[in-house]
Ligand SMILES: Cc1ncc(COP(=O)(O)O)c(C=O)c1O
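Given as structure tokens, the chain that follows is alone and in the form predicted alone.
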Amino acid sequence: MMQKPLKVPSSPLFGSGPCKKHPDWQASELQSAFLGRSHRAPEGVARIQKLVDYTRSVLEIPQNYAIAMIPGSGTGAVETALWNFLGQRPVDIFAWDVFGKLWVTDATEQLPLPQVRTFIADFGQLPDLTQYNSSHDCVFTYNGTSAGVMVPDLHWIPENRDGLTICDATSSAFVIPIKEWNKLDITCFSWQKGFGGEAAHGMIIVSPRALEHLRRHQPAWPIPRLFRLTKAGEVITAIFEAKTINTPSMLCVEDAIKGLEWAYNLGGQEALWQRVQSNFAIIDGWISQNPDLEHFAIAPQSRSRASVCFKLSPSYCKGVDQASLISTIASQLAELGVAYDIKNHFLAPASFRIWCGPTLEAEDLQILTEWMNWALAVHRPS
């Protein structure tokens, strides 16, 4: 029998969200949080504005794009986008993971949209993005953590399109570089993926053409106050001036600032991407060389570099239920304090899922593969 590895990872946090915080994070960093005061006080607004400024700098967001903090995590940010911006044109929605398919439900069952075209792929595959009609609005997820499939580039989006593009970037912001901001009109994300920030708050980034659309277009449906970006036909500019729709947690804001400071001091998007690529190379190489494993994402170019999903090979399972084997291995590694939360999303097919984002250490991922090899040997069906 294979000998159990002697060394354990410095952190067992390999889950795909909320993710591990940046290296050397300490709760004591949050002592500077603006607590017990109004977030609308000048000092509170200044802290939120600092968060916005760091976000713009790290993600290299153009100065003429507006940024706001939204309630409800990444989900709240996407819902805000759907309810405020859609309705004037037909909509093309591309989905291949759990959350992308939720936006399909919103568009087809919740909002009375004039025309919706859906392009839905099975888990592990990417739909044909070239089917996008540039006269339509478009909704897509940049990186699907539950399927391990990402958009390899934005070349399929024309610069001279008539429609608006809404991008769910929850698990790609601060992880996968966005270089072509001119291809994105409304970009939504939360803090808990890229640098392990706390949940319940989302961010929305809006292009100048999307802001102009807000001024001209009034949706045919009522918009809940938590999602509302306009009032009496005018954009509520205060939302994009560090004055939030509702009361935020200033403790979460401070935590996000610390994560952004780490990302900024590291070197911004490019430095974060280098860490992701190094981490992905370890897991990708291990899977590719292991006959017991198979990548869930079929096409190499669309395999997520951040949330790597993989399954057991048929030759390993030998007729034994794959879901049961994966649950057993994941549970054992969690009990040993080696790896937490590496089992698939509960709505996704049976698979392992390992986060390779920038806050993880390459050495820990290498050690994890050794433990995975041991667990695979121990639980191999006879």
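Computed from a predicted model, the values in this text were never measured in an experiment. Numbering starts at 1 and runs along the sequence shown.
One more form of this protein, predicted together with the named molecule, exists but is not displayed; see below.
Exactly one residue in 127, 248, 72, 87 has a non-hydrogen atom within 4.5 Å of the named molecule in the model of the complex; which is it? Selected residue: 72.
Residue (of 273, 132, 286, 99) lying close to the named molecule in the model of the complex, criterion heavy atoms within 4.5 Å: Selected option: 99.
Is residue 103 near the named molecule? Define near as a heavy atom within 4.5 Å, in the model of the complex. Residue 103: contacts the named molecule in the model of the complex.
Is residue 143 one of the residues lying within 4.5 Å of the named molecule in the model of the complex, judged by heavy atom distances? Yes, residue 143 lies within 4.5 Å of the named molecule in the model of the complex.
Would residue 165 sit within 4.5 Å of the named molecule in the model of the complex, counting heavy atoms only? Looking in the model of the complex, residue contacts with the named molecule do not include residue 165, since no heavy atom lies within 4.5 Å.
Is residue 192 one of the residues lying within 4.5 Å of the named molecule in the model of the complex, judged by heavy atom distances? Contact with the named molecule, yes.
Mind telling me which stretch in 252-260, 192-200, 115-123, 273-281 gets its heavy atoms within 4.5 Å of the named molecule in the model of the complex? After filtering at 4.5 Å, what remains is 192-200.
Sequence-ordered list of residues in 159-185 near the named molecule in the model of the complex, where near means a heavy atom within 4.5 Å: The stretch touches the partner through 168, 170, 171.
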